[in-house]
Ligand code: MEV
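Take a look at this single chain in structure tokens; it is the form predicted on its own.
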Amino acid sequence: MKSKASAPGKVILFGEHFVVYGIKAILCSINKRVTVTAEKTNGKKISINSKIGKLVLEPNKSISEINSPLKPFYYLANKAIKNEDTGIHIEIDSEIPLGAGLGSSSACCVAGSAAIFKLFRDISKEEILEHAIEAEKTIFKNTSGADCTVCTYGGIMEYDKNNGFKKIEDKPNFQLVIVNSNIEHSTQSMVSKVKEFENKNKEKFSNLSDLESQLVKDVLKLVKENKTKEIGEKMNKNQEYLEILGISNNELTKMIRIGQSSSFGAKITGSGGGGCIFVLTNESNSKNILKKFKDNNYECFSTKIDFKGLNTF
């Protein structure tokens, strides 16, 4: 018996870093997916196979002893077969670049949770999400759960630390071009860098936070009105704030300027220091923007908002 599920990646449209300090963020899922296939096997073994490696272990190992990026899948499988006389084999296929701020780990945890638990019983999206967040905490201890949430439900959502997430029902028709710097970066080091900025520049950071909070409020209205040009202008403004925080660098700035010169707007998505930027565009201009970046030897692709979220089959 096999069970299969797929979940989309995500971008943070607005509010990265500021969200840590209680400001609202806006996220959306994108139509690049992770697909996970789970299958019951004879013998009590958990085996996991993906492009980034393999993991084969007996059940009931301590998670703290497992040094593998595949351990969220082990965590989920171990939980699912706790009272079952079976092993489990898991195959992972991903369209999402790793370590690029596009929610690869969250999409893996959501698709993994759905595929694994559906081998044994019907399970609600709410419970799938709960297991996915637990699994992601095995690699990112302080995850907010926002990424897993948008990967589960799809579309656009707003999120803040105090009120959690709220789905935005509007469906704007803009497109995104994602451009990968291929610069390795550490989310933790970027978060620490912003914290250092905040400690040294209390008043300046407070002013920036107020500006970001108002910007996000404005964007929520613009999304409702489907005003792509004005949303792009807000993206460029948000990028200015991120550059003041010090999470950009020469390469990211160069990429953003290419995007801003030929589209509605462009900015970093995620923690910065490396990873990806995205460019806001529409169908008529996306090929032109892709060509510009490819001519400059950047890895890039076009994507749309994914409104489906988690899919099981």
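We call the rigid core the largest set of C-alpha positions that still match within 1.5 Å between the two forms. Each residue number is its position in the shown sequence, starting from 1. All values derive from a computational prediction rather than experimental measurement.
Keep in mind that the form predicted together with this ligand is missing from the display, and what follows is about it.
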query: The single option of 168, 211, 183, 191 touching this ligand in the predicted bound form, heavy atom within 4.5 Å; finding: 191
query: In the predicted bound form, the residue from 305, 289, 300, 19 that sits within 4.5 Å of this ligand by heavy atoms; finding: 19
query: Contact stretch among 266 to 274, 249 to 257, 65 to 73, 45 to 53 - heavy atom within 4.5 Å of this ligand in the predicted bound form; finding: 266 to 274
query: Contact of residue 153 with this ligand in the predicted bound form (heavy atom, 4.5 Å); finding: no
query: Any non-hydrogen atom of residue 13 within 4.5 angstroms of this ligand in the predicted bound form; finding: no
query: Residue 226, heavy atom within 4.5 angstroms of this ligand in the predicted bound form; finding: no
query: Proximity of residue 144 to this ligand in the predicted bound form, heavy atoms at 4.5 Å; finding: yes
query: Contact set, 172 to 187 vs this ligand in the predicted bound form - heavy atom within 4.5 angstroms; finding: 187
query: Core-aligned C-alpha movement of residue 124 between this form and the one not shown, 2 Å or more; finding: no
query: Rigid core superposition, residue 136 Cα moves 2 angstroms or more between this form and the one not shown; finding: no
query: Core-aligned C-alpha movement of residue 10 between this form and the one not shown, 2 Å or more; finding: no
